[in-house]
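Below, in structure tokens: the form predicted on its own, a single chain.
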């Protein structure tokens, strides 16, 4: 069964925060929603799990009992240990027996929490707390797992372990949807939806988004003012985008990567017209 959103519109307080957003969530696959702050990522996920009701469009999701959801605020009890949290959530899901024991042990070990079983949830590091929340969401083998920025502010080791949990869940057949601000995480997904101001700016497999970059991308050494057209910093150089394909003098043509493709999609939404190279200064993005 394919879960997801089709042409969903969400209004909050009279403001349209999602405008005809579609998002597929396929079994045994990872879909990533990527975008900056205020792009609509959390609202998109909340619409998918049913905590926000769209005014238009279609939402396809399994029952609440077959859904695992971790919001941006971790969902566990700070005054319970890791083991106690697992036992409590297992009872809530109606789980028991040797199968539960094997699954919980496997999840805890995969998350790198085996040595922290007796620690209170509130005493865990930020990365450990996020991993515990994902473990709890996976206990009942959900058909759909929805994670809102699980790796934001998390140390590199915990990020790797979190993605191991995500990848293993997808390998087991779960449809996984992850919201993130990290472009490098989106690049590993089976499907990417790039949001900006509540609208879909680009969607598809990462290779599809990369292959659809319009115009030309070039590199210019960083020196003085930024180029007089859409540009962003990449290490020691400016990346410049020429919608009409005509790069400014001194810019070396480069093969864009996925990060470039995401930035170009965002700039294309901000650029009112292609214009001519070197005309009016365009948007500048400095990560």
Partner chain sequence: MWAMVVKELRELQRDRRTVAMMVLLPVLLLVIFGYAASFNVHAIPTAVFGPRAPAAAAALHAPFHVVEVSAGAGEAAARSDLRDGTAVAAVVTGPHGVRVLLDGTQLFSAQAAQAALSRAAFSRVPLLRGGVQVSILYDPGLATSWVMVPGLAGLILVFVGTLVTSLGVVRERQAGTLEQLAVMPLRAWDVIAGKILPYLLVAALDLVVIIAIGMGVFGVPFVGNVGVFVLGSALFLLVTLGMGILVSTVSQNQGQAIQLAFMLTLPQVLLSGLIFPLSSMAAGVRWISYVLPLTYFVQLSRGVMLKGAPISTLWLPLALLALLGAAVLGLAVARFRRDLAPGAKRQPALPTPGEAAAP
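Positions refer to the first chain, counted from 1. In this text the structure is predicted, and so the values were computed from the model without any measurement.
There is another form of this protein, the form predicted together with its partner chain, and it is not shown here; the text below is about that form.
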Given that its partner chain is not shown alongside this chain, does residue 221 nevertheless sit within 4.5 Å of it in the model of the complex, heavy atom to heavy atom?
no
Under a 4.5 Å heavy atom criterion, is residue 163 part of the interface with its partner chain in the model of the complex?
no
Residue 50 versus its partner chain, in the model of the complex: is there a non-hydrogen atom within 4.5 Å?
yes
Please run the contact check for residue 28 against its partner chain in the model of the complex: heavy atoms, 4.5 angstroms, yes or no?
no
In the model of the complex, the residue from 64, 246, 233, 228 that sits within 4.5 Å of its partner chain by heavy atoms
64
Should the three residues 55, 71 and 75 be counted as contacting its partner chain in the model of the complex, with contact defined as a heavy atom within 4.5 Å for each?
yes
Go through 85-93, 119-127, 171-179, 103-111 and give me the stretch that gets within 4.5 Å of its partner chain in the model of the complex, heavy atoms only.
85-93
